[in-house]
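Okay, so here's just one chain, in structure tokens, the form predicted alone.
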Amino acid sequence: MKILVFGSLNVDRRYIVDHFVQPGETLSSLSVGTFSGGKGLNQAIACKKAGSDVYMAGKIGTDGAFLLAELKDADVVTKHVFIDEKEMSGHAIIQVDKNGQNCIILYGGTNRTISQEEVDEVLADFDAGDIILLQNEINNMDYIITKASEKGMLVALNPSPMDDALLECDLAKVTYFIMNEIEAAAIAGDSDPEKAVEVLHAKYPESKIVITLGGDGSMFFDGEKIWRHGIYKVKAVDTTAAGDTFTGYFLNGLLEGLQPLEIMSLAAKASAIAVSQPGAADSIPTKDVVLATQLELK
């Protein structure tokens, strides 16, 4: 079984700051760096580092050659990454404060120029039972969800960033929702995670639901029962790829047939290791590192 990550590839420009810039303020950064990013790229590398057979689909500009190189270095299959000769790659401006928290401005670039013909070309190489992992940083989301579902693929959706267009998609075709509590509240219309699960199950009875809860850990509704897991103690340096790491390890755990709490534990530990280091894709640990690392639950 293969995982196709159809999503964004971004050039991340990361600024380390004392605090997030305020309206009307000019703020000097403590340092700056350029990194690979995009939720699609991050999650593809996370799935691969967790142990899955991973394919990346998306689009970059000529300025994004290093993104393609990083995916190849991680042994992610890149034959479905298109190159646009005219448009610049998507990019992100990221502020990371002294507490390791971040705020992000995105420019879609080539991520928003994917055609339906390109979608059809990609999906032709995948079969029923394969997993397609989506976020919401590319265009034609409704078309991709519909066509993948028609092929019998399992649709995993990380609905980030949330917008009204995503809510217009046929989300009943989603097999796994993997999201944070803010995104769950936006879809369910209820900020209480447990009530959100009830609402989402009523709206999408065939879907399974994963909600990450920040310092309160995570919840997984497998269609019958809600499972809960806490977070591990680490000093947060950069939370940029925390959710993407969790998503990659969670999906790989499903493919390996692990029990719910085993999956959640591995995903939580991998995320904890990721936030303890700077960077996005480069902060995601390999599975052997996760298994060898001893951490305590909070």
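We number the residues from 1 along the sequence you see. From a predicted model like this one, the values you see are computed outputs, not experimental measurements.
The next section is about a form of this same protein that is not shown, the form predicted together with a small molecule.
- The candidate stretches are 268-276, 248-256, 52-60, 36-44, and the one lying within 4.5 Å of the small molecule in the predicted bound form by heavy atoms is 36-44.
- Though the small molecule is absent from this view, in the predicted bound form it lies within 4.5 Å of a heavy atom of just one residue from Val77, Ile226, Val199, Ile104, which is Ile104.
- Though the small molecule is absent from this view, in the predicted bound form it lies within 4.5 Å of a heavy atom of just one residue from Ile145, Ala92, Ile131, Ile187, which is Ala92.
- Although the partner is absent here, Met264 is not a contact residue: none of its heavy atoms lies within 4.5 angstroms of the small molecule in the predicted bound form.
- Within 4.5 Å of any heavy atom of the small molecule in the predicted bound form lies no heavy atom of Ile284.
- When contacts are judged by a 4.5 Å heavy atom cut-off, Ala241 counts as touching the small molecule in the predicted bound form.
- With a 4.5 Å cutoff on heavy atoms, Glu183 does not count as touching the small molecule in the predicted bound form; it lies far away.
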